[in-house]
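As a starting point, one isolated chain is supplied in structure tokens, in the form predicted on its own.
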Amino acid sequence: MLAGAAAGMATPVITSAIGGTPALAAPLEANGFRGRPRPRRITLFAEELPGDMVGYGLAPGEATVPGPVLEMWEGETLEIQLVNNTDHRLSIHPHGVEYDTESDGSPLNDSFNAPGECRTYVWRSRTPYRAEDGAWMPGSAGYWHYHDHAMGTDHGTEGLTRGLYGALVVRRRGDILPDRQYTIVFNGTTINNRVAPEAPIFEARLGERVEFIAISHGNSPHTFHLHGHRWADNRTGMLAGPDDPTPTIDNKDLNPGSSFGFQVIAGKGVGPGAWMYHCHMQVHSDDGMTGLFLVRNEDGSLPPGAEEALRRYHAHFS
């Protein structure tokens, strides 16, 4: 029963154009756009949810908090048709990619959806490129996020508080794709607008490659800590080779508006089990900013002690 409940709380993975084995990187072109490939179009629906929450979804009736993970390859353009099925003004505003003022998603630029309105937002990404002065300019690859910027105030404070946010991943050709992918949003003093024991329990099998995307909103500083697992403090969370000097960490600052991501091999070096993730500001973790990363055995069964740990987790915060 506990394991079934855990599985039901996992954040859904986006349906995107990214899948299978990544293609080799194409030659870089001026300004980082590789021939401006045809834009990819998706539709998002903003909807009211139980518990006074609001979410984005890929179809009517499928809104979630957080919203679906949106993915792009560097050099790709994404056209998002946002359908506002609520009675509130709202929008969608991205971090990490490029857009015109019409797609800013802010009332400042008259870029938002009125109640019932359908509006298209265009986001562009680019590969690294060499500027006229010879300097190399960064591409768009990274773990970013998107959110409302119009509900309640001109900064979307009500929309953010109620759950209008999600992850945006821009990948570079050759990036390793995960087996499983999860979004963790520290929003105020909640995780995905919930607190323990209702905070998300994410699952994987021993040896699977798991990608975490960590985001923060609200007014509180946080740190993100994952028990039993470590990652490299860079764009991908992985070392480029044995001599890569990137620090290896298991705890990182996560302040409002910031985001990062990383990949781990579930249970690598530590084995399967119920591993905590939480904010390491003690008052926050004590108040329920704690969830579980449940690493099952390779055959999907629960390892010794895991069910007892799940029971303790639920009992501790009940």
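Each residue number is its position in the shown sequence, starting from 1. This one's a predicted model, so the numbers in the text were calculated from it and none came from an experiment.
FYI, the form predicted in complex with another copy of the chain isn't displayed, but the following is about it.
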Even though the partner isn't displayed, in the predicted bound form is H280 close enough to another copy of the chain, meaning a heavy atom within 4.5 Å? yes
A114: touches another copy of the chain in the predicted bound form, heavy atom cutoff 4.5 angstroms: no
Is V195 close enough to another copy of the chain in the predicted bound form to count, meaning some heavy atom within 4.5 Å? no
Would D52 sit within 4.5 Å of another copy of the chain in the predicted bound form, counting heavy atoms only? no
Specify the contacting stretch among 79-87, 118-126, 197-205, 163-171, defined as having any heavy atom within 4.5 Å of another copy of the chain in the predicted bound form. 118-126
Only counting heavy atoms and a 4.5 Å limit, does any residue of 149-183 reach another copy of the chain in the predicted bound form, and if so which ones? H149, T153, D154, H155, G156, T157, L160, R172, I176
